[in-house]
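What follows is a single chain, given as structure tokens, in the form predicted alone.
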Amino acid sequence: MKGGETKKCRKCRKRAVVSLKTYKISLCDTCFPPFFERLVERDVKKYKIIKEDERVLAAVSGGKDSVALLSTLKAISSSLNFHIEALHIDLGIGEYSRKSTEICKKLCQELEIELNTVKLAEYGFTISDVSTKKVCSVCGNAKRYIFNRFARENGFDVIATGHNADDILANFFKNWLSGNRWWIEKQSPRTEGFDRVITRIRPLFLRTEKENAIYVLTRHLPFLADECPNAPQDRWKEIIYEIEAKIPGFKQNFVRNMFKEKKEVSDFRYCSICGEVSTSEICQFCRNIMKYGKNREA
């Protein structure tokens, strides 16, 4: 609050802990969590993100966004009638991965959600085996591959990720300036699957990093505060924050208007090694295994 001003919660008149300019509302630590959950439930209904009776597999890393995702989905699962489980991937990034796994176990115990865990090492390599220049690309590819394969082989209808408005907007600008405008559709609230590719959903696509963090803190949920040691500095997010400070609501208004053009699924084939959908003879994941795996040729 500016100048020592103490604001009151709009709902109960207690001392507010957050003032959200976008909604022109101030809320206390008790009233913010249900307010946040109602926003997500409204978006899920409006954009038809989750269908009734679907089995949802939520990707959890232990970071604030995936923690907010899992908790919120659990909170609205009964009213919207869907089943939720979690999947955590141990990427083998030393102490960071150890902490991440422990946080996910603790979180799922508190929320009473079944946690599934897959170790990337089971595929023959870890992210620690990857050269620094390629690490983020290889990591992202590994997570997408394992999420999709696990979901399909275990009968899940959709994969939920914690992408927020900040993520989507920053990636939009980076890809748009690179000429990859077709990429926009891949970040829509619900991207329908095809063949062996499972449907992806992003229930938090209109929530911001700040809102997710406040939700996790006011719900007193365990989360991993450490940043991934391989995470690069994102200059686009810094630019977006500056714009948002001058134009409250900019991020969410922009994201709302991003998903208007539809793109048909391009031609695809199957990886000759693992059989997953690929745009080349050998999928990128299998190429990464051959390059970074323990059994690679010297």
Ligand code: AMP
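One rule holds for the numbers: they count along the sequence shown, beginning at 1. Predicted model, so just to flag it, every value in this text is computed and none were measured.
Although not depicted, the form predicted in complex with the ligand is the subject of the following passage.
Visitor: Where does the ligand sit in the predicted bound form: which of 43-51, 57-65, 249-257, 30-38, heavy atoms within 4.5 Å?
Guide: Of the options given, it is 57-65.
Visitor: Exactly one residue in 187, 161, 208, 126 has a non-hydrogen atom within 4.5 Å of the ligand in the predicted bound form; which is it?
Guide: Selected residue: 161.
Visitor: Can you pick out, from 138, 168, 73, 91, the residue that has a heavy atom within 4.5 Å of the ligand in the predicted bound form?
Guide: Among 138, 168, 73, 91, a heavy atom within 4.5 Å of the ligand in the predicted bound form occurs only for 91.
Visitor: With heavy atoms only and a cut-off of 4.5 Å, decide whether residue 147 touches the ligand in the predicted bound form.
Guide: Contact check for residue 147: yes, within 4.5 Å of the ligand in the predicted bound form.
Visitor: Any chance residue 87 has a heavy atom within 4.5 Å of the ligand in the predicted bound form?
Guide: Output for residue 87 is yes: heavy atoms within 4.5 Å of the ligand.
Visitor: Does residue 143 reach the ligand in the predicted bound form, with heavy atoms at most 4.5 Å apart?
Guide: Heavy-atom contact with the ligand at 4.5 Å: present for residue 143.
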